[in-house]
Structure formats: C-alpha cells, structure tokens
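As a starting point, one isolated chain is supplied in structure tokens, in the form predicted alone.
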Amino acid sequence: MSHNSESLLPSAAVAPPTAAPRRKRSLQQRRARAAWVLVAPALILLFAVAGWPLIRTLFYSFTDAAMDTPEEYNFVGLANYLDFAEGDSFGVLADPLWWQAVGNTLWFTACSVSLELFFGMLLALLMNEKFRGQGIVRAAILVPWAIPTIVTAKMWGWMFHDQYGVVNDLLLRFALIETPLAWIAEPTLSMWAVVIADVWKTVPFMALMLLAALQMIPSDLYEAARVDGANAWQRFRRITLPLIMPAMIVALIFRVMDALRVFDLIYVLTSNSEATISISGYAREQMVSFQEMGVGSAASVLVFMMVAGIAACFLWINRFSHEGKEARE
C-alpha cells in the first residue's frame, strides 16, 4: 500500500507540460466571452442606428430613384457605379469629378493629419512639462476644438478674405507678399486654406491624446536614460515614441477617418467648389443638388468602403506591429 502511494506522488506533483497553456487559453477565452457580453448591447444599438441607413443606402445605389420620389424606382444593377453603352462609360467611377474629389480628399487627409500630428506632438511635449500657468495653457488649447466646425469655417473665411482679411494684412505687413491673395477663390490656394483651418481646429485633439499617453510613461525611465548619457533626441526616440505609439495610432485612426469624411468645413469655407470638393461633397451634390438618389447613394457607398478600408489597414498594421513586438520579446 505504501509502495503504491509513493509511486503515485511524482506523477501527481508534476503537472503535464500543456496544463499551464491550456489554463491560460481558457482564461483568455472566458475574458473574451465576458468582453463580448459587455459590448453586445452597444453593438446592437450601433447596428440599429447605423446599420439600417447603410443597408437602405446600399439598396438605393442599385436603383434609379430620385430624391423627390424615392418610392418610385427601377433596379439598374451596377449602372450607378460603372456602366458602358455605345462606347461610352457612365456612373460614379467614370465621372472625372469623382476622381478629382478622391484626389482632393486624400491630399487633404495626408496634409492635415501630418501637420496635426507634428504640431500636436509639440504641444503635448510642451504641456507635459511643469511650468507656471500650465492649467491655463491646457484650457486655452481646448478652445479651437470646442468651437463648432461651421463657426470655424466662417471665422477663417473672414480671415482669408482677399480685401480685408487679417491673413493678407499680416503677410503684407511682413512683406511676405506684394498683393493680397485670393485664398478662397484661387484654386491653388483654396485647399491650403481648408487645411490651415482644419489644422487649427483639430490640433488640440491630437495634443490631448498624445498628452494622455505621455503622462503614463514612468519618470524613472527618463532618469535612467539621463544617467546613461542619453540626450533629449535619444530619450524621445528610444523611450517616448515607442511607448506612446499605441495611443498615436488610435489618434491617427480617428483623425484619418474624420478627415476622409470631411464635408462641412469645405462646404462652408469654399462653397464646395470643384477645386476643393471632397468625396462626401460629391455624394451630397449628386443626391441633393441633382436629385439623383441612386447615384448619390452609390457615391455614399464608395465613401463608406474607402473609409472602412483605410481604417482596416490601420488596424492591421497596428496588430502586425504588436504581434511582431510580442515575438521579439
């Protein structure tokens, strides 16, 4: 009896090598199920609010419905997207104005988000330092973000006025220009006017997102780096940038998606001219101005696909970099 009990002790004391990974996987699965249960009500509400309009827009994109009589329609298949007849092409994808809107939107997104990231990083680093009046500076930086976009557009429209705008007045006073510039009317300048107004408004958002990440970095890391002789640039590149990268990617996703859907700023500031028209402005023009609900719905679906595709690319890049970091560790 004693011999049998002694022989059983080693096998009972030593757990199988796969027991710990199995317990870890089961714990992760339970957490994942709990997370889905908690998120389910929000997902259901989101689908009810956003899913039905999206499905309806997708449905009308395959019809020739008009805005004034949406109940009267015929199915036209993919003709609103692209169609060929008698050697000519028709539809949204065959319209040169659509591709100009795509180019304007991508250019606006690249310029505005890049500048917002640069200036937002500078402001975040500034606000992360301790100085007198820090609270006042943080509150003041929020003012542009709190102003409604329509008010921002009208305000910058007056500032960019070619005759009595403050922008031209300052440039003339500093002898940077010889004659007033038509910022809104000139096609080569109107998109820059939109970018400047958007950067002024949304830099605080980027700064606050990055500031929150900066304040999560332990100060001991910087002190150890100073002891090792690292200069300011080395501390930023080796410590700050890698640790705030997740928050930076989230901020970039939000800003890129928001910039790709830009409409109100361009519409109010430049009256949706062809030089600055965005993809959302193009969809609105087809649906409201031309009363072509089918074509406007097709353009709206393409806007959704474009925004969703770019957001998915950002998420994939973030996941790939995170998995690569875990593999190196």
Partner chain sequence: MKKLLPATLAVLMFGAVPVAHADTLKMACNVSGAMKPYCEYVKERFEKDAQHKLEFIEMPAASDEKLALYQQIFAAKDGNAVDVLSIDVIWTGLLDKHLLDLTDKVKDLEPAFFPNNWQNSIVNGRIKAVPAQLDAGMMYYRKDLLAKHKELPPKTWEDLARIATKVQKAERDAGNKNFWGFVFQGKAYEGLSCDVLEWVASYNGGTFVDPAGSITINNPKAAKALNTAASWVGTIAPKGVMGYQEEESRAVFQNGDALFMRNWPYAYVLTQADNSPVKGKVGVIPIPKGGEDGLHAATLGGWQWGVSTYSKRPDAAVKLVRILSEADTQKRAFMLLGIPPARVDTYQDAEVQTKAPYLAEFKDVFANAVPRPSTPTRAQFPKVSKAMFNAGYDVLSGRATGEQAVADLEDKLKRIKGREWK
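Positions refer to the first chain, counted from 1. None of these values were measured; they are calculated from a predicted model.
There is another form of the same protein, the form predicted in complex with the partner chain; it is not shown, and what comes next is about it.
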At 4.5 angstroms, heavy atoms only, are 116, 258 and 264 all close to the partner chain in the predicted complex? no
Based on heavy atom distances of at most 4.5 Å to the partner chain in the predicted complex, which listed stretch, 299 to 307, 50 to 58, 27 to 35, 64 to 72, is the contact stretch? 64 to 72
Tell me, yes or no, whether residue 182 is in contact with the partner chain in the predicted complex, where a contact means a heavy atom of each within 4.5 Å. yes
Is residue 187 a contact residue for the partner chain in the predicted complex, using a 4.5 Å heavy atom cut-off? yes
Would you classify residue 84 as touching the partner chain in the predicted complex, given a 4.5 Å non-hydrogen atom cut-off? no
With the partner left out here, check for me: in the predicted complex, does some heavy atom of residue 272 sit within 4.5 Å of the partner chain? yes
Which of these residues, 231, 219, 215, 163, gets a heavy atom within 4.5 Å of the partner chain in the predicted complex? 163
Sole residue of 90, 145, 236, 192 within 4.5 Å of the partner chain in the predicted complex, by heavy atom: 90
Going by the partner chain in the predicted complex, which residues of 280 to 301 come within 4.5 Å of it through any heavy atom? 284, 285, 288, 289, 290, 291, 292
Can you tell whether residue 177 sits closer to or farther from residue 271 in the predicted complex than it does here, judged by CA atoms, where the change is 3 Å or more? closer
